[in-house]
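One chain comes next, on its own, written out as structure tokens in the form predicted on its own.
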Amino acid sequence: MENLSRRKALSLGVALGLVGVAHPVQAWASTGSATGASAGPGPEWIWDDAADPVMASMLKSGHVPAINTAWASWVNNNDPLPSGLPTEFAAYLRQVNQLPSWADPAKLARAADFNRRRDTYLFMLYGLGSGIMSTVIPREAKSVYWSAGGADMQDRAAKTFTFGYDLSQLGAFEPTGQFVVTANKTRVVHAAVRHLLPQSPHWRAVADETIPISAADILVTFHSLGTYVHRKLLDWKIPFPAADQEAFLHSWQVAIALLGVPHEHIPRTWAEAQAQSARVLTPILSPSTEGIALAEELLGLTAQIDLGVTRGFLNEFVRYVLSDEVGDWLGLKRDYAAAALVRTGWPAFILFREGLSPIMPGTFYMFDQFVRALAMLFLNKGSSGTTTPITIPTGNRAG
């Protein structure tokens, strides 16, 4: 049985471009870090010593509604902390509201330029690839479904788009950007969920952990986003100079650090990231009742905009970027004509779009409309182009 499971993980890893699957026991063996520091306790046993006790206190004392009101105007990185925050909470934000000392402004600037140049591919992969992959990461799917956000997936998706959009802004880490604030708000939400979700009998009935969103869980999510996208861009032979790859990784290293993951557990190179992903992400991918429901909701959201394609095409594109195995898990109905179109038309689209082929495929405009429409979900932040407020929950999803 163990050998069968490993063969399935390896097969899925090949489909996702993540090979070299190791035995789970060695999953979190140290592979180096962004800062070169030695590893301490495994990230599966690390949560957030800075944010967790503060948020537990804020929830118990009933301060969260006032915080949500006060920090609504706190958007840009150079905005002063809003007035009206509880003293303990304001002190916490002053402590964490800054870039790590090892952040490299030149690399962050290059990453921002790379994001601008490749935004259509990035948003498409984040949305249809990473977004749907999150529904077959059991812990993530169950935590999302049974948290307050799971009851309104359109709102939660908009907030997720805000995180991705703000990270991809040209000046994301600059004083006039928004990502540092967005990351700090997201970190606080994670801390609130760690306090709230264990109180849900519905989550406890399906969870294999007692406290959600460990540092390991955040790293798994990173691999479903940054590491996955990096591999796909290489697999699709999209021009990706080494300096751009390094800068793209650095932006993610900083993002993960801002979410509270200790530096010693953040991969130092893409080789380390890919190896870690093959150990800790690919083997755990599997369907769940909650994940199947979330995937259908997320794919249903795309019906609200004109992608210029059918639902069958959308299903087959998800299968193309994630694998037929994932598509089968999620019950995505087959459309074999659309499958043939995707598997022949998409590579030809990339070749022509990147100037690597002089022949424009007949499907060029259909694919072009498709990726641009998906990008607009991010560029509009899931709504009308205004900032989607990130709010701290005070409860969980009702049964």
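The first residue of the sequence shown is number 1, and the count goes up from there. These figures come from a predicted structure and were not determined experimentally.
The same protein has a further form, the form predicted together with protoporphyrin IX containing FE, not shown here; the description that follows concerns it.
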Using a 4.5 Å heavy atom cut-off, are 231, 349 and 367 all in contact with protoporphyrin IX containing FE in the predicted bound form?
-> no
Would you point out which of 189-197, 76-84, 309-317, 275-283 contains residues with a non-hydrogen atom within 4.5 Å of protoporphyrin IX containing FE in the predicted bound form?
-> 189-197
So in the predicted bound form, does any heavy atom of residue 244 sit within 4.5 Å of protoporphyrin IX containing FE?
-> no
4.5 Å heavy atom contact, residue 390 and protoporphyrin IX containing FE in the predicted bound form = yes
Considering only heavy atoms, tell me if residue 139 and protoporphyrin IX containing FE come within 4.5 Å of each other in the predicted bound form.
-> yes
Does residue 156 make contact with protoporphyrin IX containing FE in the predicted bound form, using a 4.5 Å heavy atom cut-off?
-> yes
In the predicted bound form, which of the listed residues (148, 207, 112, 249) lies with a heavy atom within 4.5 Å of protoporphyrin IX containing FE?
-> 148
Of 222, 126, 71, 173, which residue is found within 4.5 angstroms of protoporphyrin IX containing FE in the predicted bound form when only non-hydrogen atoms are counted?
-> 222
